[in-house]
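One chain comes next, on its own, written out as structure tokens in the form predicted alone.
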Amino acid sequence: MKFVIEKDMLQTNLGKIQGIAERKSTIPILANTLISGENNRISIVATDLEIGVMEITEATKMEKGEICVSARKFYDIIRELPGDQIEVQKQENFWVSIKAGKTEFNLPGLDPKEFPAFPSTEGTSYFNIDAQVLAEMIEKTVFAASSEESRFNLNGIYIEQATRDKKDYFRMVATDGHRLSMIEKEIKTTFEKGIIISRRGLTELKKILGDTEREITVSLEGNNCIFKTEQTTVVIRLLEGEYPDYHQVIPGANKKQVIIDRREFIGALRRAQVIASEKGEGVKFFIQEESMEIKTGGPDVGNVHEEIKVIYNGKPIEVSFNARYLLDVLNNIDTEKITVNLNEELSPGLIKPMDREDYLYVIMPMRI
């Protein structure tokens, strides 16, 4: 095998697979990338058996064949090479030569036949979604998924086709039992039932999508969800298990609405967290007409008290929430004002962006 390729193009493609190639895997081949070429096109593949990614790009002076080399070392070499073009050629015993100008590296490789087969990408049904819309949906939900390995079904994001007011929506939901995030877009999918995709899988997908503005084709094949553009294919194995009935978590009786300036709220919470982080992140909020007191602390760690203006006309209410969870939510909202709907002291809080109806957050209360 032999090919010549532009350095920037190869570096970009190799950069996208770095989060997939397993450097610490007990299976050494998974730390490698498989590069195949013919007809002036090469495919660059990496997998950890849960997530697989394939990048297709153009090359010249092509000689058909395959190489299998360390994904990290190959990427580091390409980044440091001079010039604009790079020549890659397979040598005896799976070694690979990498040339640019007067610089040449020789890198040991592995037998390409040992590399795991890439899953089928011919999904039986599919739908299209704008890449930036998908990236936004991932960003606004994935942080709320559980990171506890024992709760494997909550380690993922639940994705389903929803119907509301006779309209079809593509919906994503994530929860760790303490908070919930949900976003939906008016898109008709081909999903017959809900699926669960791992938090890490969608995080890597968002990195790989980058700033692309192309459409993504989404399909299912067996136990895999497939995301495709002309140059990129990402295959993520679905998580097994039943997702909890999240509808029961979203409060419908919260009539006490507080309107808050998001940036002012973030500033007050960050100051409170200096103390709250030493007391389990809990912060108390006393809300009365047009003001909200924020306080936390104790005799062993000190205390903080701050008051900010809000819009509220109901009876006074006192609630406690985890400051870190609130900050995670506020940092993923992109409107100047937010609404917080409350019911009672130990009822969950419903948080929404002002003037947007496509996403929401729920945070469970704390006892302090």
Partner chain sequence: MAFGDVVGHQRPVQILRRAIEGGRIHHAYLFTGEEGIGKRMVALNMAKALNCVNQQGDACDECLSCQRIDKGVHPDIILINPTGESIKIGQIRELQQAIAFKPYEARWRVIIMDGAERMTREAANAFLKTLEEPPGGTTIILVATAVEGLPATVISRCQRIRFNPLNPEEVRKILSDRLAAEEIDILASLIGGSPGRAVQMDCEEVAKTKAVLLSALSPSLVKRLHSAQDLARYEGRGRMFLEILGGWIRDIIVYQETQDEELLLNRDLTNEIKKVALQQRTDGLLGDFWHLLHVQQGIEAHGNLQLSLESALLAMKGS
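Residue numbers count along the first chain shown, from 1. Remember, predicted model here, so these are calculated numbers, not experimental data. In this text, rigid core is short for the largest set of C-alphas that superpose within 1.5 Å between two forms.
Another form, the form predicted in complex with the partner chain, is not on view; read the next lines as being about it.
When the partner chain is considered in the predicted bound form, Leu238 lines it closely, a heavy atom lying within 4.5 Å. Contact check for Asp111: a heavy atom falls within 4.5 Å of the partner chain in the predicted bound form. Using a 4.5 angstroms threshold between heavy atoms, Thr190 stays clear of the partner chain in the predicted bound form. Contact check for Leu49: a heavy atom falls within 4.5 Å of the partner chain in the predicted bound form. Although the partner is absent from the chain shown here, Pro116, Phe152 and Ser198 each have a heavy atom within 4.5 Å of the partner chain in the predicted bound form. Here the chain stands alone, but in the predicted bound form its contact with the partner chain, taken as any heavy atom within 4.5 Å, falls in 238 to 246 among 208 to 216, 238 to 246, 98 to 106, 85 to 93. Only one of the listed residues (Thr163, Asn128, Asn223, Ser120) places a non-hydrogen atom within 4.5 angstroms of the partner chain in the predicted bound form, and that residue is Asn223. Annotation: Cα of Pro28 displaced by at least 2 Å between the shown form and the other one, core superposition. Core-superposed comparison between the shown form and the other one: the CA of Glu114 exceeds or equals a 2 Å shift. Superposition of the core reveals a Cα shift of 2 Å or more for Phe94 between the shown form and the other one.
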